[in-house]
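Quick setup: one chain, the form predicted alone, written in structure tokens, and binding and motion questions come after.
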Amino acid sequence: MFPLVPNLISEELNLIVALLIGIAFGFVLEQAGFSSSKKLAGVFYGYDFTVLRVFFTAGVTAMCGVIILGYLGWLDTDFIYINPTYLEAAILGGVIMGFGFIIGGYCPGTSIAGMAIGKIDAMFFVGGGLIGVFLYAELYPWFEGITNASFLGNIRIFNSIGISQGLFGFLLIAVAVGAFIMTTMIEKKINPDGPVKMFNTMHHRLAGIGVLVLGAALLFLPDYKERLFQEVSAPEYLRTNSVNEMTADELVFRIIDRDPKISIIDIRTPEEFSKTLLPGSVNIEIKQIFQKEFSEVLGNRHKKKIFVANDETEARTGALIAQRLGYENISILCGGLPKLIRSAIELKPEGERCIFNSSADGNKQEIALRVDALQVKDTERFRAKASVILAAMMKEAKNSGTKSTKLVKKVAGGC
């Protein structure tokens, strides 16, 4: 189920699953008493903090789930839609919605639950909301200035304040536990015969300690993509893990021959790619290797994927990440793209050399490829002819423009 990794169900079934989850959510709201306006109003008057506890519990549960599943690589966090932030509109909208909560006793979700079981006040609340939506749409030109003011983008709080997501998760859990303690004390004074009367003090203390321990564990759970990238890019890992290699001459020959069994994966930045690109190459930055859009290109087992970058180490890092993700038939260009340009286009003689190579027993060692005089002459003749053809093909590819892969659109949503 999107954006879980791998997709557990087809995209066609996502809406059906969403419908079933929505029905279950409404049922839980009603059974918890949220179909009553007294529950929501109780937060503001201090006699019932059930709604606040549920909201904090839901937020903490979802946050922990996202961090843990992201750490395990079971959730693609890049596909989680983040509502864009317009600061002034967010503040004004929050104030208006808060007053609506107090006056009407409902939020949008609980009002639907109340209306579903025949609550008349909930019906009026929903009706008022629909009228408000209609008036806002009709009067939008008046509100457009404040609606689009102070745009901050699709921000994440922990990024905005410069801390890790694990630390933010721990702090939010600590705030939630503190809020539970404070609201319980307030509720005991104002409404001692309310929901707080049924609380088991020992159970709540153990639950609070348990969730704080969970929050402490989040401090040590980096995102799966970040963790894998750091692991693969470590020098020791690069030395001890093999990747198939292809020389510049072989790649040039395959390009000129228009070999249908190769795919050139250029992992440089889009700006670098647009300036100098090999014919038929696809631009996939290292962090995009994780994305679903490129699985069709990288997952084609019948084609040899040659990773190309400014230097061999960068290409090797991208290739090893692809291998760790389960992609097969992966190779890298020895020496990097600049070396290919110098030897194949500018005809500057350089010894073919790979930073890492494998001997028969699998041990890594640095080697230089030595060729005899006859082979040198053959290579020079090939490069002389190939340089003209390749230069023309590269110019044609650049003039035709680069086609970017269509990214999967994030599904917008939220309460």
Partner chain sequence: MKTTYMNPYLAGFLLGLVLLATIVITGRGLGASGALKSAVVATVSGIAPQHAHESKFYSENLKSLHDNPLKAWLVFEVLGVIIGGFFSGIVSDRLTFTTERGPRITNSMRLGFALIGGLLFGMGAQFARGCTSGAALSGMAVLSTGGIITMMAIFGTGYAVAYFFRRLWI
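Positions refer to the first chain, counted from 1. Note that the structure is a prediction, hence the values are computed from the model and not measured.
Another form exists, predicted in complex with the partner chain; not displayed. Remarks below refer to it.
This chain is drawn without the partner chain; in the predicted bound form, the residue among L228, L212, A89, L238 with a heavy atom within 4.5 Å of it is A89. Between the partner chain and the residues M185, L72, V95, A234, the one pair within 4.5 Å by heavy atoms in the predicted bound form involves V95.
The partner is not drawn, yet in the predicted bound form one stretch among 164 to 172, 327 to 335, 272 to 280, 314 to 322 has residues with heavy atoms inside 4.5 Å of the partner chain: 164 to 172. Residue contact check for K119: one or more of its heavy atoms lie within 4.5 Å of the partner chain in the predicted bound form. When contacts are judged by a 4.5 Å heavy atom cut-off, H204 counts as touching the partner chain in the predicted bound form. In the predicted bound form, E296 stays away from the partner chain, with no heavy atom inside 4.5 Å.
Taking the partner from the other structure, the partner chain in the predicted bound form has no heavy atom within 4.5 Å of any heavy atom of P260. For the partner-free chain shown, P108, G109, I112, A113, M115, A116, I117, G118, K119, I120, D121, M123, F124, F125, V126, G127, G128, G129, L130, I131, G132, V133, F134, L135, Y136, A137 of 108 to 137 come within 4.5 angstroms of the partner chain in the predicted bound form, judged by any non-hydrogen atom.
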